[in-house]
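Shown next as structure tokens: one chain only, the form predicted on its own.
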């Protein structure tokens, strides 16, 4: 076992053994207070916080989703540090630094990255308008608001945000037939419809008025782009992506939203001669409900990809519905149903099959919060892939310390 992994195991094992004690709670509360700094009259505020996560995965066959690992087990440590800064009522900034083995779970060496940073300006106190610039999560959908480990009842993301299609921004497909039989295996080589929270770089405007909320963003990479292409140093603004969302909140329980995005899914480099001929369009509808012990979420997305030389656009439809119920103050259970389907492929007018394998997945998880600073999540996922006859289970667990 690598020394770094041994360190993380010992650290989190100690945390879990102390999690039920009042002395541990008091220590963590004092630590949280000491990580806050406020200037005179509260005009300047700084807050440092973070999470320490240890995730484990067990599966049979190829690694699922965006996991990069040749074995059938994986242990993934992660340290996330968040900085929030506020200067008066109009200026706000934030940043996220992570130390892990890759943005998505992998068996690589530990690395440190600046994943998020942004500066926000709100001219009026009623929140009708906010302007933001930096590298930050996409405005599309609702899942991004709860993708961090402490707020997420699951360890895995919905299929919409982590299931690879058969398109890759590393190079274009040779022909329609190359999509029926992928040439580089599965997993991280290919792109999902939306890659996680989509921390691409750009600018955004958002606000709310009565029961309506709105947001627009202009970014340097598409929703499906891989994390390596999010920094502007890798992908410039020659082919930007425009995304937006409009939401209606009739009361405190319900939210209904519509999102749309359009941009080039081609990656940088010479393999895509004209990135403008590789377009991605996404239309997404979402809803959420929260009342007492029950929370519900759902998203339905239609994504279209154009490929140079192909006669028709490629389309995939993917959706999920998720429920979370608080059984006891510290114990909650979550259930999520995912499906993804693909359009038919045609070659010189002849149908040659769908350009992806239909996939269904049922996710079930339990969440136990030892206290305000530690929690444990256990999850099991059941996959059904119709074309490939795949029927398998994936088991995962995550222990989180929040400070």
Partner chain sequence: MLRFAVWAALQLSFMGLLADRGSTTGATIEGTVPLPPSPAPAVMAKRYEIVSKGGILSTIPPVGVVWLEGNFPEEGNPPVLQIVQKDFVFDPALLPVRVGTVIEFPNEDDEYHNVFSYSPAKRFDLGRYMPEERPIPSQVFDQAGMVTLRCDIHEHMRAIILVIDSPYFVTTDTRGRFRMEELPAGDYILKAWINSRETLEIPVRLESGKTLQVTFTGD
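Residue numbers count along the first chain shown, from 1. Worth saying up front: this structure is predicted, and the values here are computed from it rather than measured.
Another form, the form predicted in complex with its partner chain, is not on view; read the next lines as being about it.
- The chain is drawn here without its partner chain; in the predicted complex, the stretch among 220-228, 106-114, 272-280, 124-132 whose residues come within 4.5 Å of it by any heavy atom is 124-132.
- Exactly one listed residue, out of 307, 85, 170, 97, brings a non-hydrogen atom to within 4.5 Å of its partner chain in the predicted complex: 85.
- Note on the partner interface in the predicted complex: the residue among 366, 372, 362, 352 having a heavy atom within 4.5 angstroms of its partner chain is 372.
- Contact check for residue 330: a non-hydrogen atom falls within 4.5 Å of its partner chain in the predicted complex.
- Residue contact check for residue 89: one or more of its heavy atoms lie within 4.5 Å of its partner chain in the predicted complex.
- Its partner chain in the predicted complex comes within 4.5 Å of no heavy atom belonging to residue 234.
- Proximity of residue 58 to its partner chain in the predicted complex: non-hydrogen atoms within 4.5 Å are absent; the residue sits far from the partner.
- Three-residue candidate spot 66, 76 and 157; no residue lies within 4.5 angstroms of its partner chain in the predicted complex by any non-hydrogen atom.
- Residues 199, 206, 207, 208, 213 are the ones in 196-213 with at least one heavy atom within 4.5 Å of its partner chain in the predicted complex, listed in sequence order.
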